[in-house]
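Okay, here we've got a single chain as structure tokens, the form predicted alone, with questions on binding and movement later.
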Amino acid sequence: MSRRHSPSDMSYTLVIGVLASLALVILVGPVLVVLLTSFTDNRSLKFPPTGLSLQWYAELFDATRSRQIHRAALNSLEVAAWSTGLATLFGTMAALALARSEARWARMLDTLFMSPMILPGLAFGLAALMYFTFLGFRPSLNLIMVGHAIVIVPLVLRTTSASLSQLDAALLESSASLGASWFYTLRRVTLPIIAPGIFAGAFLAFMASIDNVPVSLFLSGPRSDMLPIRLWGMMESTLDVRVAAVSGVFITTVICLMLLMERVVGLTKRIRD
């Protein structure tokens, strides 16, 4: 016999449904607006579009007309690749060192590694600029790579730590009892098991680096134009529709990559854990 829903249960369901629908509209609405705007036939950003056209995507991929955008995109991809590599290396090493330790110093180091996620991006970018200038370094792509790596390390650390928390200690003990060295155990037992967590963290770190504005803004030089900064300048000066086209390419790429990562490593589960 099915239980009858009381008025309070129905009210609760209604309120939750309304709030969930509102949140969905707020999150998905801007994405749909940008996608529709990218197909406009207008000469400037305007919504709703008066007509649909692929001309702005064609102009975006034109090597001559969009040369500066392509250069900024290549710079962003290069910085994201190197900073993700550094963050993956240091984040994995930190997770291996801190995951099973209950010492106070381990908790302090974990907090230190996670601090870039707590600090405001503009504050960290300004602090990084002042620090590197004090050391005698000038703004460049290399400094942006270092700055991005510091900011995205917590993403790799968190997903890798989640994978390590699910690692059965008996496997490590069995490997050691069979005479395997710690390095052999790390290479053949630990890393293969926690690899999905590492890949999930690397994916999130790469996306965060591509989209990072504060660090890029403070640490970029005249020859280190980054894509987010280039798009921001285009928005301020001309309201170029290619900005929406770039956003459309990003949205489509990220959705495809997220579906791929969800299928391969279970990205949602890694983030939730």
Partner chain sequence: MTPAAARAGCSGGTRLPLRPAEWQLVLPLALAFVAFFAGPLLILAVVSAFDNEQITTVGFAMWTKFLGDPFYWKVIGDTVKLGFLTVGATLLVGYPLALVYIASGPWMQRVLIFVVILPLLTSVVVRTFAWIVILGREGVINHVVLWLGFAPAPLRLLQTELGLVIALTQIEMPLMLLPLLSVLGRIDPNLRDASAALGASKWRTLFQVTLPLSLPGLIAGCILVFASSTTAFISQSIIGGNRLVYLPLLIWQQSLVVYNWPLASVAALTLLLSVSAGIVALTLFGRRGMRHLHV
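Keep in mind that what you see is a predicted model, and the values were worked out from it rather than measured. Residue numbers count along the first chain shown, from 1. In this text, the rigid core denotes the largest set of C-alpha atoms whose superposition between the two forms falls within 1.5 Å.
One more form of this protein, predicted together with the partner chain, exists but is not displayed; see below.
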Check: With the partner chain left out of view, which of 98, 164, 73, 141 would have a heavy atom within 4.5 Å of it in the predicted complex?
Finding: 98
Check: Given that the partner is absent here, does residue 204 sit within 4.5 Å of the partner chain in the predicted complex, heavy atoms only?
Finding: yes
Margin query: Is residue 232 near the partner chain? Define near as a heavy atom within 4.5 Å, in the predicted complex.
Written below: yes
Check: Hey, in the predicted complex, does residue 80 get a heavy atom within 4.5 angstroms of the partner chain?
Finding: no
Next item on the list: Although the partner chain is absent from this view, report whether residue 221 comes within 4.5 Å of it in the predicted complex, heavy atoms only.
Entry: no
Check: Considering only 226-249, what residues come within 4.5 Å of the partner chain in the predicted complex, judged by heavy atoms?
Finding: 228, 231, 232, 235, 236, 239, 243, 244, 247
Notebook entry, point to check: After the core is overlaid between the shown form and the other one, has the C-alpha of residue 208 moved by 2 angstroms or more?
Noted result: no
Note to self: Superposing on the rigid core, is the Cα displacement of residue 223 between the shown form and the other one 2 Å or more?
What the structure shows: no
Margin query: Could you check, with the core superposed, whether the Cα atom of residue 67 shifts 2 Å or more between the shown form and the other one?
Written below: no
